[in-house]
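Single chain ahead, by itself, as structure tokens, in the form predicted alone.
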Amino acid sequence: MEKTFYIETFGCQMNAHDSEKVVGTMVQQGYTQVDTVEEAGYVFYNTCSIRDKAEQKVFNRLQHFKRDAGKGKVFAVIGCVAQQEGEKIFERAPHVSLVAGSASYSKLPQMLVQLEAGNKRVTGLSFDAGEAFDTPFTRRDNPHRAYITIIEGCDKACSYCVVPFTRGPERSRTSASVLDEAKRLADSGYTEIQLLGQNVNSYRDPSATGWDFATLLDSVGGVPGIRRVRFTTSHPRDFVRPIIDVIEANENLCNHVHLPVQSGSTRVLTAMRRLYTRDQYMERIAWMKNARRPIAITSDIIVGFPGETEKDFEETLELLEEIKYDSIFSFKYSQRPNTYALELGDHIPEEEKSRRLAIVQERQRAIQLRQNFGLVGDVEEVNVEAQYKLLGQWMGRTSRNRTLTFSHEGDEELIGKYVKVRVTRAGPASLAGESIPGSVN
């Protein structure tokens, strides 16, 4: 068996960071990462099961490369679909040899030994709380921006969501271990950190210090060398006023909050088991709207939840206009295994869900266009992520998480640096501008 591997990642930032852990472990074990399935001895699919479409992509990949199973390749399904489906994956795709959830990545070296010994069915499906974060070898995909997982799992029971079944119960890291990792990253030259968790603001330090999320957030923002700290995803139930207080007080904390609402209707929110009402959600929005720093607010919207009436849907559209989100992720409701929503009747026809989704996206596009036009003339600090040489342009993100493409006079390398840019043009999804001379640092 060639000691080469290929990994493809589906899903959110947590999955992307999990893949960094897998890559780091594989490299430490003497394997070489390659760019294609054809070159690889081991093929990993790190999976997402939030929506059916993402899950189906994985099985389509497996079916497409089924013919390669007889060529000595080892196929592995890891992540959320692996945890959700477990050993049933072996029946559905017999050429798969490894099925492992995210809490088992620390055991990957032992699982590799079993695979190399010729074992055709190896599993890692436990939720051992003591091992959820202990993956000592992580190869970062970005040399300037890094993820830190601070909490795994979810104790909420939203009726549409499979996460409690795929990520397990909430397990928080100690604040000391998070700060140690942040300091090591800063010492290695990283300037931006993103704190991750299914419900990141549900964090509770399990050590004697007992820090809450706001205290940890402020402390990470105070690590020397760290210039920006982001976090995702927040649950409205656990989004408390002290989080806004520390964002106002600490300029290293990015002024952007992703706060999924899912629906503008309290009736639907109750059916979703979201644990808050529209009014309670709006109270949290008011905290941000009234903050001393301008805070960008983004969200998630689900349309077509079982029983969602036209009135419920109109309440969601009204919410968009009232809040004026800086951007949203919007989806059609998707049935997921093991969830309570499967028991609900009055399912919305697919064509009606598609109609509602198109309306939401068009309304939000118009809102974003207005919001972004209002930034023309402003000066934004950009953390530069890429260069488009053919266009003579650079691209980065503002503290409020907007993409900004800009021109720059000079031939110095800008990736990883911070540049002040005057916004000259705006579209619904991005901004464009020109760098201010002498502002690179």
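Treat the numbers as computed from the prediction; the structure is a model and nothing was measured. Residue indices: 1-based, along the sequence shown.
There is also a form predicted together with a small molecule; it is not shown, and the following applies to it.
Heavy atoms within 4.5 Å of the small molecule in the predicted bound form belong, among the stretches 26 to 34, 49 to 57, 403 to 411, 383 to 391, to residues of 49 to 57. Residue in contact with the small molecule in the predicted bound form (any heavy atom within 4.5 Å), chosen from 220, 200, 302, 100: 302. Interface residue among 356, 336, 171, 228, judged by heavy atoms within 4.5 Å of the small molecule in the predicted bound form: 336. Proximity of residue 73 to the small molecule in the predicted bound form falls outside the 4.5 Å heavy atom cutoff. In the predicted bound form, none of the heavy atoms of residue 252 sits within 4.5 Å of a heavy atom of the small molecule. Shown alone here, residue 264 lies farther than 4.5 Å from the small molecule in the predicted bound form, counting heavy atoms only. Under a 4.5 angstroms non-hydrogen atom cutoff, the small molecule in the predicted bound form has residue 331 among its neighbouring residues.
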